[in-house]
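A single chain, nothing else alongside it, follows as structure tokens in the form predicted on its own.
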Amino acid sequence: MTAPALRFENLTLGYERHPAVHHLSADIPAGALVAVAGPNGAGKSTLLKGIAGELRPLAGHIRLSEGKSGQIAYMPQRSELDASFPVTVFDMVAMGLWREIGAFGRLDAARRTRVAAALETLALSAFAARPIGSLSGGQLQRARFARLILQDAPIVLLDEPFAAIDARTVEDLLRLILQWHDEGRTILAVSHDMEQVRRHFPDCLLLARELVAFGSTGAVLTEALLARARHLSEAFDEHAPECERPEAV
């Protein structure tokens, strides 16, 4: 059997030792296109931060299949981006090459051509010299996806990639995500739009601070399981005991 791209082993993630994702165990197959769904505060963004290495597990482990370590492209929520930072669209997209060239590497002609191609793919060629602060929400999200193209990672994490953008941009970004899926990349995307998840995502991981269900989207997004997720989220005790951090192994 092929090893999973990601394995969660009794994984607990949280802040100041209080769990936001609690005792999660699941295998994400290589090449899967997975929607991460659940109520507000269910731990969806926290899970992606843990996979990306921005949060250390309070307990358990996140395992990547051999050869995938360090090859994750992560796009956090748009609210985490400072659009007032004085950088052009071209230079922001070019940051997707940082693994290749480092912080002070040279952007040679071949790499500039790749940046230009990524901009063209997202219909942003005419905006290359503009500051990112001048872009609309949809244009800025296109630029962030262009940067992901250059990262060329086998595992892609997307936190609410379709939030507050126009329908045409949503269609174009979904088309790119489906292309990545066809190429065999493993994709996890947080989404609150259940109809969109049903239409485009074959698999779904339903969270409510703990795993409610993981599997084919049709089997997961049932009224009963969605109701259970809402109940678990509403019943969460913010004053629950801290999780103990295990000794390093």
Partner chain sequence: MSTLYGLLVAPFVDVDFMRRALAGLLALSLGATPMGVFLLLRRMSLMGDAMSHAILPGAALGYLASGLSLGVMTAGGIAAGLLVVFAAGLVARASNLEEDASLAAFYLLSLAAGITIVSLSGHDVDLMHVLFGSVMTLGDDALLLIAAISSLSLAGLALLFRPLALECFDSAFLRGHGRYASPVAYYGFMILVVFDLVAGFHSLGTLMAVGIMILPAASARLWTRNLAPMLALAAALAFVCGVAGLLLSYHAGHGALEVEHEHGASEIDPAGAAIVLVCGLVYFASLLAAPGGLLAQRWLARRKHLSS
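If you're wondering where the values come from, they're calculated on a predicted model, not measured in any experiment. Residue numbers count along the first chain shown, from 1.
There is another form of the same protein, the form predicted together with its partner chain; it is not shown, and what comes next is about it.
Exactly one listed residue, out of 157, 119, 177, 92, brings a non-hydrogen atom to within 4.5 Å of its partner chain in the predicted bound form: 92. In the predicted bound form, no heavy atom of residue 112 sits within 4.5 Å of its partner chain. Proximity of residue 193 to its partner chain in the predicted bound form: non-hydrogen atoms within 4.5 Å are absent; the residue sits far from the partner. For residue 161, no non-hydrogen atom is located within 4.5 Å of its partner chain in the predicted bound form, even though that partner is not displayed. Within 4.5 Å of any heavy atom of its partner chain in the predicted bound form lies no heavy atom of residue 142.
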